[in-house]
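Below sits a lone chain in structure tokens, taken as the form predicted alone.
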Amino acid sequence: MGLDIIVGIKWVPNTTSVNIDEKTGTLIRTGVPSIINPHDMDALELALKMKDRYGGTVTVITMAPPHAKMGLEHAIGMGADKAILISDKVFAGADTLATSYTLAKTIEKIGRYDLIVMGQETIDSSTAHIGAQLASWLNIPYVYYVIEAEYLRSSHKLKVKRLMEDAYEIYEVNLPALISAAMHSQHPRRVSLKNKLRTKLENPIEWWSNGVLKLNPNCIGLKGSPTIVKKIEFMPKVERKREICPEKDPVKAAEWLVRKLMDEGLLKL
């Protein structure tokens, strides 16, 4: 018997420059191209490696706007068996608590699973909260910063190797469990045409709205988020100064640059 693995991914803005809604403190995603969170690709690859080795299934879930279906198609193209897009206007504006609650209820509805694999953190918030919160909702053990995982079939346990700043740690945990893949620990495989065609021929992606999950509106989305953004400090726009060094000699050019930096108060000798 193989492992039934669930992988959580996030659909994030593909940019380092994001706009914030000053009233809600949430990201404005309209008009911004998005991608699968790069660190979640480590989680997906780790899950697929385990499927290749031990058999079983990989189901990918994400709570996101409808266009995140493109990300799920990519996950199917890499080898995931099926995917669930959790999408509804009532889920919008969720903080990590409301997000993890919604994901937990989704997993409970999926039913049987052996392992949940998450990325270490996301590039749009970097809180690294979701994995721990999700495991807490589900009351299962979790280990962060995992770089290797071995299924101990005889005892139905997972042996994991996790990366610390200056050491490795080895753990054995009972299943079901949740692990967070360390960033940059895997090399995500390419999408195959055969797998990509499955998204068109087999329709392996399901769309779950709150009509499916039937969650209390006061526990999800912005209403279910206790995190309050009291104030957002926006960086003022600073006009860039452009000056061309007139000196051709490298030594004189360096002296000119040092004088300019000192005049601007950026360098003190």
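Residue numbers run from 1 along the displayed sequence. Everything numeric in this text was worked out from a predicted model, so none of it was measured.
Just so you know, the form predicted together with a small molecule exists too; it's not on screen, but the next bit is about it.
With the partner omitted here, the stretch from 186-194, 144-152, 120-128, 169-177 that lies within 4.5 Å of the small molecule by heavy atoms in the predicted bound form is 120-128. For Ile61, a non-hydrogen atom is located within 4.5 Å of the small molecule in the predicted bound form, even though that partner is not displayed. Contact check for Asp114: no non-hydrogen atom falls within 4.5 Å of the small molecule in the predicted bound form. Although the partner is absent here, Ile244 lies well away from the small molecule in the predicted bound form, with no heavy atom inside 4.5 Å. Taking non-hydrogen atoms only, Thr227 approaches the small molecule to within 4.5 angstroms in the predicted bound form. This chain is drawn without the small molecule; in the predicted bound form, the residue among Ala182, Leu103, Ala80, Ala135 with a heavy atom within 4.5 Å of it is Leu103.
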